[in-house]
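Starting off, we have a lone chain in the form predicted on its own, written out as structure tokens.
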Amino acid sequence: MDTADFTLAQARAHDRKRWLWPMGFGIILIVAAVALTGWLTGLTPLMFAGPITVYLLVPLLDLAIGKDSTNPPERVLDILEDDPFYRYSTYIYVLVQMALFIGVCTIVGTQDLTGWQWLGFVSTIGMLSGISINTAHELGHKNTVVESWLAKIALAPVAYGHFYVEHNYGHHRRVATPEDPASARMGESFWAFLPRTVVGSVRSAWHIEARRLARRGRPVWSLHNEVLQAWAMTALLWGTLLLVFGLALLPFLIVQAMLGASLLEAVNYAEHYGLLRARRADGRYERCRPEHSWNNDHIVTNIFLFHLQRHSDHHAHPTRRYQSLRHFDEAPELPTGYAGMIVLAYFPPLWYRVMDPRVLAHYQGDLRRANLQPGARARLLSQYPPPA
């Protein structure tokens, strides 16, 4: 074994989850297989494998299996970054997701399904479409042509291509500030956050591209517009499916896209809830630090989402690949993985009961330092008076 091979072997040994990462696409294959089995056997409840997995099985497995807070040593990070094994796991994920999406659309477009069967398929593929946005997120931060286009392809089924632009050039600049449509405010329910972030993200992405193209002397309505590129991929995909299977497929496409987008935004809701970057003397916000993201090290959801829950390091190093993201002790910690937090987000009273005390503790009892919902500010400061 030469020196280079030995170094690579050493680096791989420091990733305790190395052989679990392919389960990112392995899990969606299992979920799809269960849903298809339910359709073929008439066991219709199995067709709801997507929501059952996301909302029940993964949170329970997170609690049962626990956390992994180990970090790879700094000396092996560059070697792990260059290991193609990790890239291939995300590439294969996109191919598997597209095959499953087209396959389920073929069934829905050609078979006579009962109402419950239709709901089973649309809820399951909606969950898988939402999870695929996270894979697009991982790919979209990488500076290669292949990964950039794979990110846009992964966003096509869920019609959320503007995310590619807004997340990279909007959210990462404005994260944990009141100006960011993807940073939830304390006292803001998920159901209030959802329309704000959806509309705000589309508007932000368009303005970002318009400014970029204006600087380059190009018209906004052109093939150079990356928002239009991503939306065109959805139009091509959906248009082809509708041409082949008819307009009766359109409600299925719309509903699964809405479910997928809402799943992404539920994760966004949890990632920065109530956290705020302070303003400096010059009026600008301080640099984003680990304490401006909610983190979690539960293993199952981290495998499911390619380490998205190590969100602080992601914001510190946006181009760093998922296998190299590190745990920070100073980052605020969610009580469970994102999957469990999504369930809580759907029930605002439960969410507030669990998360508001954590925001309060994070700011040592002074909510004036938190990102508060304007309409709830007076009530929150009255409920939790700042220290003298």
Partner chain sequence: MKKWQCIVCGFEYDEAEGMPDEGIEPGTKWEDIPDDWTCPDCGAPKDDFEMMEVD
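Positions refer to the first chain, counted from 1. No experiment lies behind these values; they were computed from the predicted model shown.
What comes next is about the form predicted together with its partner chain, which does not appear here.
Please tell me which of Phe101, Tyr285, Phe245, Phe252 lies within 4.5 Å of its partner chain in the predicted complex, judged by heavy atoms. Looking at Phe101, Tyr285, Phe245, Phe252 one by one, just Tyr285 meets the 4.5 Å heavy-atom criterion.
Have a look at Trp238, Tyr169, Trp206, Phe190 for me and say which one sits with a heavy atom within 4.5 Å of its partner chain in the predicted complex. Contact residue from the list: Tyr169.
May I ask you to state whether Asn143 is within 4.5 Å of its partner chain in the predicted complex, using heavy atom distances? So Asn143 counts as contacting its partner chain.
Contact with its partner chain in the predicted complex for Pro318, defined as at least one heavy atom pair within 4.5 Å: yes or no? Result yes; Pro318 sits at the interface with its partner chain in the predicted complex.
Partner contact for Arg173 in the predicted complex: its partner chain, 4.5 angstroms, heavy atom: Within the cut-off, so yes.
Flag Arg277 as yes or no: does it have a non-hydrogen atom within 4.5 angstroms of any non-hydrogen atom of its partner chain in the predicted complex? Because a heavy atom of Arg277 falls inside 4.5 Å of its partner chain in the predicted complex, the answer is yes.
The chain here is shown without its partner chain. Which stretch in 197 to 205, 110 to 118, 308 to 316, 88 to 96 comes within 4.5 angstroms of it in the predicted complex, by heavy atom distance? It is 308 to 316 that comes within 4.5 Å of the partner.
Who in 298 to 314 is close to its partner chain in the predicted complex, meaning a heavy atom within 4.5 Å? Residues within 4.5 Å: none.
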